[in-house]
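What follows is one chain in structure tokens, specifically the form predicted alone.
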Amino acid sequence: MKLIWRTVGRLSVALLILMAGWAVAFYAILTAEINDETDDTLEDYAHDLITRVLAGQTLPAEDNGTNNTYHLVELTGMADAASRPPVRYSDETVWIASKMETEPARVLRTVFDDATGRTWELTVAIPSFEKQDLQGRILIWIALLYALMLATVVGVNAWIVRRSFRPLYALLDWLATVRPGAATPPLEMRGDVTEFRLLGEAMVDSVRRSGEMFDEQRLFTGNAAHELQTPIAVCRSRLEMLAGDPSLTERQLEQIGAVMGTLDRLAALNRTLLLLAKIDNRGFTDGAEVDATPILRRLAADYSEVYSHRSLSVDVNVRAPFRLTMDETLAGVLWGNLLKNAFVYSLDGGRVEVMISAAEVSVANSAAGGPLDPVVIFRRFYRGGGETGTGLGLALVESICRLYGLRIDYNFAEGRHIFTIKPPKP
């Protein structure tokens, strides 16, 4: 998730909580203020009626044609009078005779004594506001205000983030162009933000040091592999001469044969390392259009004969030619290592299937276990299926794909390892 959208999401939640709290507080304050003003009116109305009662004047009719109503009741008995509080307020629904309907009202009840010592309870009611309507209106306006504030915050935040983080975006774009072994492109960061400037300097220094380490490692690998060629050849030659000695016993010949087998594996490993070093050094510059179909058919036939003792079934299905522009030698190495990996790590009696189309080439084989780790499967010297081989086959395939911009994917489905190679993105 991008930084701007994560920031907007968190701001939205914070604003929602803030606006909800504000709406509750606003409703409470507004209700209290309206009730206070209504209570003052009720007190004036009740005071006027009590004054008339005490003065012996005639009271207006309870149904006086207005929305204001009152009700006067004499309290009989000391217990009844003592149980009523002197003044109390409440929100109720009262009947308005002139309108023949009920309405919400604010009600005041007060107890007083007249000149003769009689105790009365006066109930005065004034129509109030519809609280549900008020709540609905407040909710609507709060929602509109929240939407407006959110749109404003998103727009302003997007503008601020994009302008403030321009150096960071420039750094990310620059990092996307950095390639190991290639010349480091110049970094142009505009702006005077100290943190971004220091970050850019640190990244440039880190990329430079990583490039130097990569070049040193690549040079060491190539030189070491090249220097090992002669000693390996000399050792093998002397062992062959020694094996020709008629005085050697059968046991000694077996030991010499084992050593020569080890040297052969070491020579194969050395040749692969040299090839990897040459690929990393961009030593392959020639290119021609190569069709994968004849190469894969020939390799499938060769490997079927080599591994015939394992009773593997091999299918090469061609839907359309898969052509790439690349070095012909590397094309053979690419398809050879990919197909050999399928034969070596397939179950005895299993199946190797090659699917060729214009869009991709997939090589699948029956798996002996579960899926491989896609994070480390293309690393050098990684052997997920045991100790067989040098662990450089898939690393070599991945290096060739990286050299020509090919895409290689690994999947595990229906008990099969599936490797798919696709052409570069247009």
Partner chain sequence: MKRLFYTLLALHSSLFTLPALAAGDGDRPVIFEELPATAQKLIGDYFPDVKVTLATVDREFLDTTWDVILADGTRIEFDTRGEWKEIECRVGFVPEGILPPRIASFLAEHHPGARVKEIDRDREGYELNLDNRRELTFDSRGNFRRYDD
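The term rigid core refers to the most C-alpha atoms you can superpose between the two forms while keeping them within 1.5 Å. As the structure is a prediction and not an experimental result, all values here were calculated from the model. Numbering follows the first chain given and starts at 1.
Not on display, but discussed next: the form predicted in complex with the partner chain.
J.: Would you mind picking the one in Ser346, Asn337, Thr110, Thr272 that has a heavy atom within 4.5 Å of the partner chain in the predicted complex?
T.: By the 4.5 Å criterion, the partner-contacting residue is Thr110.
J.: So which of Ala61, Ala28, Val375, Ala358 reaches within 4.5 angstroms of the partner chain in the predicted complex, heavy atom to heavy atom?
T.: Answer to the contact question: Ala28.
J.: Pick the stretch from 296-304, 314-322, 86-94, 245-253 whose residues have a heavy atom within 4.5 Å of the partner chain in the predicted complex.
T.: Selected stretch: 86-94.
J.: Verify the contact flag for Trp22: yes if a non-hydrogen atom of it lies within 4.5 Å of a non-hydrogen atom of the partner chain in the predicted complex, no if not.
T.: Contact check for Trp22: yes, within 4.5 Å of the partner chain in the predicted complex.
J.: Could you tell me if Ala115 has a non-hydrogen atom within 4.5 Å of the partner chain in the predicted complex?
T.: Yes, Ala115 sits close enough to the partner chain in the predicted complex that at least one of its heavy atoms falls within 4.5 Å.
J.: Is Arg52 near the partner chain? Define near as a heavy atom within 4.5 Å, in the predicted complex.
T.: Although the partner chain is absent here, Arg52 would touch it in the predicted complex, with heavy atoms inside 4.5 Å.
J.: Taking heavy atoms only, is His47 within 4.5 angstroms of the partner chain in the predicted complex?
T.: Flag for His47 set to yes.
J.: Each of Leu18, Asp36 and Gln57 having a non-hydrogen atom within 4.5 Å of the partner chain in the predicted complex: is that the case here?
T.: Yes: each residue has a heavy atom within 4.5 Å of the partner.
J.: Superpose on the rigid core, then tell me if the C-alpha of Asp264 is displaced by 2 angstroms or more between the shown form and the other one.
T.: No, because once the rigid core is superposed, the C-alpha of Asp264 moves less than 2 Å between the shown form and the other one.
J.: Is Glu240 displaced by at least 2 Å at its C-alpha between the shown form and the other one when the rigid core is overlaid?
T.: No, the C-alpha moves less than 2 Å.
J.: After the core is matched up, is the C-alpha of Asp114 off by 2 Å or more between the shown form and the other one?
T.: For Asp114, whose C-alpha is compared between the shown form and the other one after core superposition, the shift is 2 Å or more.
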